[in-house]
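First, one chain by itself: the form predicted alone, in structure tokens.
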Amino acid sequence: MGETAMPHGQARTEPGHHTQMEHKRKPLWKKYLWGYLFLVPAIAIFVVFLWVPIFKGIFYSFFHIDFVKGNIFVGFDNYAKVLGNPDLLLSVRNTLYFMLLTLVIGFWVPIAASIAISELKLFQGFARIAAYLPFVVPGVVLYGMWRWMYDPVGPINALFGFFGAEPVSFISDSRFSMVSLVVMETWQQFGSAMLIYLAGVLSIPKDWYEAAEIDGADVWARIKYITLPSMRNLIILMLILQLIGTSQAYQSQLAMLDGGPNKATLTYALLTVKYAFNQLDYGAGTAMGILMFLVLSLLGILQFKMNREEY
């Protein structure tokens, strides 16, 4: 028998055509359902431990917190209190000074270290470990060690004395206290950033360097025209992250000098901690935290705008 005639203008449908069309018409949420389910635990942790405290902080910043008599709504009084504190402008200035010092003294160190290590032909693994080791030093040991090194009769001043220089009061002189903290922080923190930069350097195709060498480019030319341009977005990202991290710095200022001498190391975050845990004024401390949150959110938006082509 012959094939069944098809009506004029109607195309023959392959057996699997309907199944394929149904698969294409399947809603996206069904298509990616299992992927979304695997994301649920991470999203739940993110919401519970990040966004819930943020919204509760915004809520409590309008209250006077009293664990005995109960919370009292005070409106914007907490914000007025912290904005009227003369130490606020001082803490902002000290924080900006600390951020500037970390950029001038410490920001370029992990970049230079990562490039130098990537150029090593021997002992590259040992150099990575040696650069990272200071990062794992516990805080108590770190601060005790550097207080001893900064002591007027410590090893640094002993070295100065060997060359005939006068001893320097690194942590008791307000001119040097913040710089001394930045040097200590740079020594401890640069190893972790160095590994990130090193991963960026090693991801650059080796063919580019080989072509540059064939064209006669020396080490400095390869760094200037290949390495640094290839790491531009990573450097911008790390810059924003460093600005955010240093704006929240208070641990070394608290442990080493408690904001002294003469409030020379009183940062914004340290003033927030003093409000909350020294004066037990949690409402004012929360208000300061919310103000910082707004500023850091602007920095995050800036970073997204500068790197929007990566997203």
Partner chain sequence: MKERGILSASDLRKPWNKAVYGFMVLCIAIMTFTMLYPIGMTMFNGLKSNQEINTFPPRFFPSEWHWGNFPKGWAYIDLPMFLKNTLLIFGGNLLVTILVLGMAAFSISRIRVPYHRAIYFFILMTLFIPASSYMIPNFVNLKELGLLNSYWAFWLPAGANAYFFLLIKNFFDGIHPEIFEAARIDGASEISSFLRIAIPLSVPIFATLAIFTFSTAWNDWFWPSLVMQTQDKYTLATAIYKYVINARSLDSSIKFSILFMVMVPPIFVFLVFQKFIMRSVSLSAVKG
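Positions refer to the first chain, counted from 1. Because the structure is a prediction, the values reported are computed rather than measured. Just so we're on the same page, rigid core means the largest C-alpha set that superposes within 1.5 Å between forms.
Only in words, not in the display: the form predicted in complex with its partner chain, which the text now covers.
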For its partner chain in the model of the complex, the stretch among 100-108, 171-179, 87-95, 209-217 with residues bearing a heavy atom within 4.5 Å is 209-217
message = On the criterion of a non-hydrogen atom at 4.5 angstroms or closer, are Phe49, Gln248 and Phe293 all touching its partner chain in the model of the complex?
response = yes
Report task. Please check if Leu243 has a heavy atom lying within 4.5 Å of any heavy atom of its partner chain in the model of the complex. Result -> no
Q) Does its partner chain come within 4.5 Å of any heavy atom of Trp146 in the model of the complex? A) yes
Tell me, yes or no, whether Tyr150 is in contact with its partner chain in the model of the complex, where a contact means a heavy atom of each within 4.5 Å.
-> no
In the model of the complex, Ile236 touching its partner chain (heavy atom, 4.5 Å): no
Within 118-133, the residues having any heavy atom within 4.5 Å of its partner chain in the model of the complex are Glu119, Leu120, Lys121, Phe126, Ala127, Arg128, Ile129, Ala130, Ala131, Tyr132, Leu133
Open item on the list: Rigid core aligned, does the Cα position of Trp108 differ by 2 Å or more between the shown form and the other one?
Closed with: no
Against the rigid core, is the Cα displacement of Gly70 between the shown form and the other one at least 2 Å? no
Taking 2 Å as the cut-off, check whether the CA of Phe123 shifts that much or more between the shown form and the other one after a rigid core fit. yes
Against the displayed form, Phe46 vs Gln242 by Cα, in the model of the complex, with 3 angstroms or more change: pair is farther
The CA atoms of Ile45 and Phe135 move 3 Å or more in the model of the complex, ending up farther
